[in-house]
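So this first bit is one chain, no partners, the form predicted alone, shown in structure tokens.
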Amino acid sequence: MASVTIVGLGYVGLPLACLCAEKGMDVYGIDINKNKVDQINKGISPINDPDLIEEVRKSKGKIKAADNFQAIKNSSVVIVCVPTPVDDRHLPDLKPLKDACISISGHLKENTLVVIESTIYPGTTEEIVLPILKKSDVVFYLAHCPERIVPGNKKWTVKNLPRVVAGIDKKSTEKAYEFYKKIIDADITKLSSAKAAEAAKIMENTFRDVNIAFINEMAMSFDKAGIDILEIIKGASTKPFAFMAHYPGVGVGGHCIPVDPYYLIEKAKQIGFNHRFLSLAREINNNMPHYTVQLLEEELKKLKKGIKGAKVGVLGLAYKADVDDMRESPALKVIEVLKEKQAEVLVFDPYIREKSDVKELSTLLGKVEYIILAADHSMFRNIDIGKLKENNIKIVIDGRNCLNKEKIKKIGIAYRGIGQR
């Protein structure tokens, strides 16, 4: 059975390490966060996800975590799952990947398979990773198998999501294919080149970004026309082919959708192509937090009030429902915009209490007059609408279109969703 080292024990690497341990492999984990390493070795998940908490508990003693790269000498497979973010100018930041590869190259043993799971632009494996690993002066195999994981999704997990894989040569492709066939209960598709595998991942997430931007723009347009966007999506979805439902919202978050298009945009510029369409989609989606605050301002104006000094409660810090993941969360931008406009802001997220301004939702409701829902956590979706009235909430801005607008309006509270009023 293979001995595996997972480099990067975050939202991608930790579930993968647990899966490899479940399959009976010798598993080593590497992360630069010493506190995270200590928690994992104790069987404690540093990520607040019920399923992952249980997986890490079961993997106690089976995953040997460390904050150094010595374990690579013991491994026949090394999988890189480090972050690949963008900087403040939306330019790809490959420093975590480069640093990881430099450290790997210093400990690589003969005939090791190295797989990059981090999302990267086409050409990165061969143009950046390969030259670094060659400094090890040993024979190794190199492939790219882009991660596919949906935090909080119980149906599609690291165990059953189909994957694509390709290496820098046929032998690398075959070795990577055989490895993933051992651990994943789904189809593994071999592509012709590492560049093709890199491009497939980028296109998956860019497809979603573009379609979300389209539906966000339609929502803003239909709002002006007094048309309910959710009704239109329901109607369009009755067509049995071609249309694929996407939904509008306060913005796009997570480590993939708001980041990956920039990798493609920047790489295309380097080879002389300008992605105008993708850039526009990014612009539209990046503007949604501003638009959401604008909806609040419009409703305040009807009450002959301004946003300066307004007591606004923001529900949610996470980028999606029922997770503690704040990466690229639009809620953070909503809060920033509100504060720039000098609103008095209180924040509550049941999954991220350490960054919340209050300990309970009831406390927040008692201290604010207006609500912006930024994350559709179950607690918020199932909120007792009567509590809003009891606390004299005057305006609800539903950034996820998940509340019962008719009930809210019936009790005399102003309601605006994204494409709903």
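Being a predicted model, the structure only gives us computed values, none of them experimental. So that there is no doubt, residue numbering starts at 1 and follows the sequence shown.
Note that the form predicted together with a small molecule isn't included here; everything after this is about it.
For the three residues H290, K333 and H377, a heavy atom within 4.5 Å of the small molecule turns up in the model of the complex in no case. Annotated contact segment (heavy atom within 4.5 Å of the small molecule in the model of the complex): 239 to 247, selected among 239 to 247, 121 to 129, 87 to 95, 217 to 225.
In the model of the complex, at least one heavy atom of I257 sits within 4.5 Å of a heavy atom of the small molecule. In the model of the complex, at least one heavy atom of V150 sits within 4.5 Å of a heavy atom of the small molecule. Put simply, I212 is close to the small molecule in the model of the complex: some heavy atom of it is within 4.5 Å. Contact check for H275: no non-hydrogen atom falls within 4.5 Å of the small molecule in the model of the complex.
Among K175, H107, K195, K320, the residue placing a heavy atom within 4.5 Å of the small molecule in the model of the complex is K320. Between the small molecule and the residues P261, G167, G313, G253, the one pair within 4.5 Å by heavy atoms in the model of the complex involves G253.
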